[in-house]
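In the block that follows, a single chain appears as structure tokens, in the form predicted on its own.
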Amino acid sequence: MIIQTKEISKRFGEIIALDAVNFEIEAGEVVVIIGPSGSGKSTLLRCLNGLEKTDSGEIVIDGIKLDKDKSSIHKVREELGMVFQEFNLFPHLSVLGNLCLAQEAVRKRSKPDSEKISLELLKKVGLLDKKNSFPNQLSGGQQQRVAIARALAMNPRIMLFDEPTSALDPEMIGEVLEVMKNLAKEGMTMLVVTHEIGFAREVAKRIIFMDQGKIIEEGKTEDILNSPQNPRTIAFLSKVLK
């Protein structure tokens, strides 16, 4: 198992964001997390890469136990790439500069090596011709593809996606999902929070349904989408599958 959580909980004041969450993900597996807003999906991803600290429980990423020691957080983040709703690109850097920065600063790669890897990844996401453009010269879909390429440049073993298409216009969603589908075909371990049920049906091996900080139901994609068992899962899917 490349990701394991054991009874992880997280509160924000009186709000219980995560309530004794347990799950496991195998290497190479694509798992989609669905659920209503405020169900704890994004908090779960942020806890996995140390952006939020759990109040209790245990997280193990590729054999590394995530604890309050900063060295463990750094080790885990070397294994994880994360793509957010917002693109979080540096506006003062070109597309190529955005991809090279962390490689040189964190991976300690030389500038030529960083540029070579960056150009290969820009070609992979269909944006080689935009290498010298700045973020404000790109569409939302293009910016998100740059963000994915930037995460991949760090050679992660796992990719976390937090609603990567929710800030995009409808016509731009497909181009981002296509990049993600290709990653799945290549065997990348992916944990994806999304409302794109069509993507989940096509790519995910399993679906996890969360509500009120808990995993309410999980199982094979076709089982969850075609014959959910929990009334809350049934109610949620009846709205999103219309």
Partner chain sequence: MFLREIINWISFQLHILKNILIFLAPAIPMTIKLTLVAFALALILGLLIGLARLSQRGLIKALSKIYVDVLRGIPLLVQIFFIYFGLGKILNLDRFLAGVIAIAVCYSAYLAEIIRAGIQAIHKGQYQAALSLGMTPYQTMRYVILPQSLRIIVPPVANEFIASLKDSSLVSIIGLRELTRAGREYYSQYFVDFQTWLVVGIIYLVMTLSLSRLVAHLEKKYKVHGYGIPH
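Numbering follows the first chain given and starts at 1. Computed from a prediction, not measured in an experiment: that's the story for all the values here.
This protein has a second form, the form predicted together with its partner chain, left out of what is shown; the following refers to that one.
Trainee: My question is simply whether residue 91 lines the interface with its partner chain in the predicted complex - judged by any non-hydrogen atom within 4.5 Å.
Mentor: Looking in the predicted complex, residue contacts with its partner chain include residue 91, since a heavy atom lies within 4.5 Å.
Trainee: In the predicted complex, is there a heavy atom of its partner chain that lies within 4.5 Å of any heavy atom of residue 27, even though the partner is absent here?
Mentor: It does not: once its partner chain is placed as it appears in the predicted complex, residue 27 has no heavy atom within 4.5 Å of it.
Trainee: With a cut-off of 4.5 Å between heavy atoms, is residue 108 one of the residues that contacts its partner chain in the predicted complex?
Mentor: So residue 108 counts as contacting its partner chain.
Trainee: My question is simply whether residue 77 lines the interface with its partner chain in the predicted complex - judged by any non-hydrogen atom within 4.5 Å.
Mentor: Flag for residue 77 set to yes.
Trainee: May I ask you to choose, among 158, 125, 151, 168, the residue with a heavy atom within 4.5 Å of its partner chain in the predicted complex?
Mentor: Contact residue from the list: 151.
Trainee: Though its partner chain is not shown, can you say which of 138, 172, 117, 101 has a heavy atom within 4.5 Å of it in the predicted complex?
Mentor: The residue in contact is 101.
Trainee: Residue by residue through 42-56, tell me which have a non-hydrogen atom within 4.5 angstroms of its partner chain in the predicted complex.
Mentor: The stretch 42-56, when checked against its partner chain in the predicted complex, contributes 46, 49, 51 at the 4.5 Å heavy-atom cut-off.
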